[in-house]
Structures are given as structure tokens and as C-alpha cells.
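Next comes just one chain, in C-alpha cells: the form predicted alone.
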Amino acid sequence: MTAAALPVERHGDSLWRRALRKFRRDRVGMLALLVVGSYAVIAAGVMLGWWATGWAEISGPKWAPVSAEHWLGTNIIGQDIFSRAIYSTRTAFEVGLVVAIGATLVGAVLGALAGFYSATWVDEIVIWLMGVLDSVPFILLVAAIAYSLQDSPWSMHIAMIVTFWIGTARLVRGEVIKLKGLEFVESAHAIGLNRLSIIFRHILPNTFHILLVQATISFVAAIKSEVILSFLGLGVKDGMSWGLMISESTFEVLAGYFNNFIAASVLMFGLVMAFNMFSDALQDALDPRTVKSP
């Protein structure tokens, strides 16, 4: 690590410490983090096989009521609704994490390249690509990509990554345009570092606060999109999700059985709402305009 980058890194460390203290004082943000953490524990337990292992088994009669054996009753073919709803938490986290990481990485790389080479052909290509993707309504674009790649188990993930990177790229591009004129970047040029090293080792790490917030936003958007795509039959194929539960509940609601719909809707609402509040609190904590020295 060169001395040229040290002033910004020290400032960054100070910013992170102050942001952490501010976040800890945000009661809503801490409560949201606790709720998200609880969902994460549930998802981890499912992945490790601790619970919800029998989500696909027919363990009771058709539309069994709530009981000690079936905490939320059973669905139209006798599968336990509670196990299916818990298993769907794993699906939500899996999709959310893959899409958030993928979209953030793609947006960071393309945004950094566009910002560093602003007003050149590289910047024009990235801006043109963002404009083309933005011109198509979001859900139609995701559905079209997911449908065209439906033979792939990663079709839904790819579809969302292709559309979600745009917002991150725009923010990173603007930040890189600002950062590339600072003294530590000029010093890196002066000592002969190549451009890619300057971009990825010195400039991009200073946009991490933006990337972190954008990743949380992409996480929430991915969960909501997965529910929509699964409801339409373009999402999860081999497994269970809240979207599939809501889809199958459309027949049950007509017959007066609402447990399936309520279980999926409440769990999805709880995770999305908690993550939205966590994202807002994180954004406030990392905003350089509001983070003051103690």
C-alpha cells in the first residue's frame, strides 16, 4: 500500500468509526438489524438441515387446521405450511445475497471504469447501456430475461443482476469522477502506478460506503422480484418460496382457506420492512454530510 493512499484510508477509518457509533444510537436501525439477524438465523438453520427438512412431505390431511402438530395448518395436499414458510426464508436469503453481491460487483466495476474514463468512449458505452436497460420497464425486462433463460437454474438471478447494477453504477461513476481529481490519485499517477491499479486499489475502496448501501437495496429488491417471478411461474423451480406459496394460495383463498397466503405474506413483509429500515439507518449513518466528529 503506497503512502499516497494513506490520507484517504485514515479518513475512511475515522468515517467508519463515527458511522458505527451513529448507527448504534439509531434504535429503529438496531431493531431492524435484530429482526434481519433473526431471519438470517432461520435461513442458516434451514441450510444446515436443522429445521424445515420435511417441507415437501405430505404430513397431514387436506387443509388441516392450526394445531400442535401443524402450527399453521396444511395446504391443499396436506403439506405443513409452517415448514414451507420457514424453508422459503432460505430461498429469500439465497436469492437476495447472490443478486446483491452480483449486481453490486458489476455496478462497481462498470461505474468505476465509466467515472475514471469519463467523457471517453468507455464512459459513453456504459452510459448507453444503462440508458437502453432503463428504457424497458423493470419487471418486463426481468421477466423477459428469466423466460429466455428458464432452462438455467440461475436464470432468475442473472435477470435481476442484469437490471439491478444500473443504480450502483450511476452512483459509483459520480463518486469516482469526484475522487479521481483528489491529491492521493494524482500522487498515485506521479509514482507510476498503472490505471487499473489506481482504480481498483485506491479509488474504488473509497466508494465502499456507497456499495454497502446499494447492496442492501438490491437485496430487498431481489426478494420482492423473486416473489413476483415465482408467482408468475418464472422464478423458483426446484424448491419453495413465498412467491410459490402465494401462487398456490390463490386457489385456497377461493375455498376460504387463508393460512398459506397469510404465512407467506407476513414473513415476506417482516423481512422486507426490516431490511428497508436497516438500509435507511445504514444510509443515514454512512452519509458524510451527517457524520460529525465527536
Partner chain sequence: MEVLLYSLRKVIAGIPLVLGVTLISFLLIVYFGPDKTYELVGKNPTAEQIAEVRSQLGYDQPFVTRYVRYLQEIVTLDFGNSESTDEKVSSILARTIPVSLLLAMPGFILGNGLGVALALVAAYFRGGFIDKLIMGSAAVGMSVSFLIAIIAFQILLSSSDGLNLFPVRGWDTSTPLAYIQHVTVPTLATVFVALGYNTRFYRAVIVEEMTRDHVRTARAFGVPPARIFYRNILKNSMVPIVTRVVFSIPLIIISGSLLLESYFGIPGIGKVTYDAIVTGDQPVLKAVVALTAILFVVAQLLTDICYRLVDPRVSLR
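Note that the rigid core is defined as the largest set of C-alphas that superpose within 1.5 Å between two forms. Predicted, not measured: the structure shown is a model, and the values here were computed from it. Residue numbers count along the first chain shown, from 1.
Here the subject shifts to the form predicted in complex with its partner chain, a form of this protein not shown in this document.
At a distance threshold of 4.5 angstroms between non-hydrogen atoms, residue 254 is in contact with its partner chain in the predicted bound form.
Interface membership of residue 258, defined by any non-hydrogen atom within 4.5 Å of its partner chain in the predicted bound form, is confirmed. Contact annotation: residue 152 falls outside 4.5 Å of its partner chain in the predicted bound form, judged by heavy atom distances. Though the partner is left out of this view, residue 265 does reach within 4.5 Å of its partner chain in the predicted bound form, counting heavy atoms only. Heavy atoms of no residue among 122, 197 and 200 are located within 4.5 Å of its partner chain in the predicted bound form.
Remark: of stretches 30 to 38, 63 to 71, 244 to 252, 47 to 55, the one touching its partner chain in the predicted bound form is 244 to 252 (heavy atom within 4.5 Å). Interface residue among 136, 212, 106, 193 relative to its partner chain in the predicted bound form, by the heavy atom within 4.5 Å criterion: 136.
Note on the partner interface in the predicted bound form: the residue among 112, 166, 143, 185 having a heavy atom within 4.5 angstroms of its partner chain is 143. With the core held fixed between this form and the one not shown, residue 148 has its Cα displaced by at least 2 Å.
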